[in-house]
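Take a look at this one chain, the form predicted alone, written out in C-alpha cells.
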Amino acid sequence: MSFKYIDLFAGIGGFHQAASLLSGQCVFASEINDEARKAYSLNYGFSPAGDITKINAKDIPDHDFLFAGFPCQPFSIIGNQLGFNDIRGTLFFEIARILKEKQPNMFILENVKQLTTHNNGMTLNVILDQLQKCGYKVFWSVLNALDFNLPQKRERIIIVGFLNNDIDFIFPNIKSHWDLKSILESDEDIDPKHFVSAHILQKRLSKHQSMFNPAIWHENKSGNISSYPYSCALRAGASYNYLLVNGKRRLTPREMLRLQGFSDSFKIVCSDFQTRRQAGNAVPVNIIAAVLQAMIEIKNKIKP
C-alpha cells in the first residue's frame, strides 16, 4: 500500500526513514530548527516548512497519515517536566488543530515515556481526550528500541489513532536480535578527536570495570558509572562524555544515527555537534516502521 503522509516536528526525518521502507510519499513536512531542516532537505530532496504555528491547516495537502514526534523536553525527566506550562508543551495542540481540519485516516505520535506519568497522568489524559474529540479511536503503548533490533535502551510512548472506530489495534512485539558490534566502527578508523583524554580515561577506569566487550559506558547525573552491551538513551543536550565506547571514546555521529536506525545512506551534512543533537532528538526508525506496518496491515483487513 502506497500512502501519503505529513511529517510534523520532523527533525532529521526518523518518520521519513521509516515511511520510505513502506512506499510512503511525504507531501508536507515542518521543522523549525534551521540545521535540522538543512539535513532533511539535503537527504530527502524535500524542504520542510518552518514554524508550524504559522501554517494554515487548510494549506496542508491531503494525506493518509500524520506523523509527529512533538517536542519532548516539557515532559522529559532530564528537563524540568513543566508539561503544558512550557510553551513547547502547547505545540501538541497544533497537531490536534491539523487533525481536526484534515482528518487523515491514521496518525502516529511519539514522545518520552515520562509523558505517561506527567502530572499524575493528567497530561496524557488531556492529550488522549483531544485526539478522541478530533474523531479518532486511540491506542498507546510504551515501546523500547531494544525490542526492535536496535542496541539502545530508549523507551518511548507511541500513540496511534484511526478514524475507523471498528479497528482494534495491537502494538507489534517482535523478537529482537540487536548486536552492538554491528553498530560500532573500528577504533582504527575513528578520528582521534573522538577519544577521551588520558585524565578522563583514567577516571573512568578507576571507577568501573565492565563485564561486556564491546560495551557502552554510561555516566549518570550523579557520576555513577555503569556499562551494558547496548547504549543508554541518546540525549540531545547531554555531555559529550556521558556515553563512551568501552570507556575510552565517544560515539561518532554515524554510530549515533545507526543507534536510531538510520541507514548509512543518510548523509551527514551538519557539524558533529549538530548531528549529535539531531540524533538525540530523533525517533527510533525501527519502532516507527514496525508500528506503521502493523497499522497498514490492520487497515487493509477492514473493508472501507
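Just count from 1 along the sequence shown to find any residue number. A quick note: this is a predicted structure, and the numbers were derived from the prediction, not measured.
Below, we turn to the form predicted in complex with a small molecule, even though it does not appear here.
Taking the partner from the other structure, the small molecule in the predicted complex has a heavy atom within 4.5 Å of a heavy atom of residue 283. Proximity of residue 51 to the small molecule in the predicted complex falls within the 4.5 Å heavy atom cutoff. Among heavy atoms of residue 32, some come within 4.5 Å of the small molecule in the predicted complex. The closest non-hydrogen atom of residue 11 lies within 4.5 Å of the small molecule in the predicted complex.
Interface residue among 161, 151, 104, 71 relative to the small molecule in the predicted complex, by the heavy atom within 4.5 Å criterion: 71. Taking 180, 131, 91, 108 one by one, only a single residue has any non-hydrogen atom within 4.5 Å of the small molecule in the predicted complex, and it is 91. The stretch that touches the small molecule in the predicted complex, counting heavy atoms within 4.5 Å, is 23 to 31, out of 245 to 253, 23 to 31, 268 to 276, 57 to 65.
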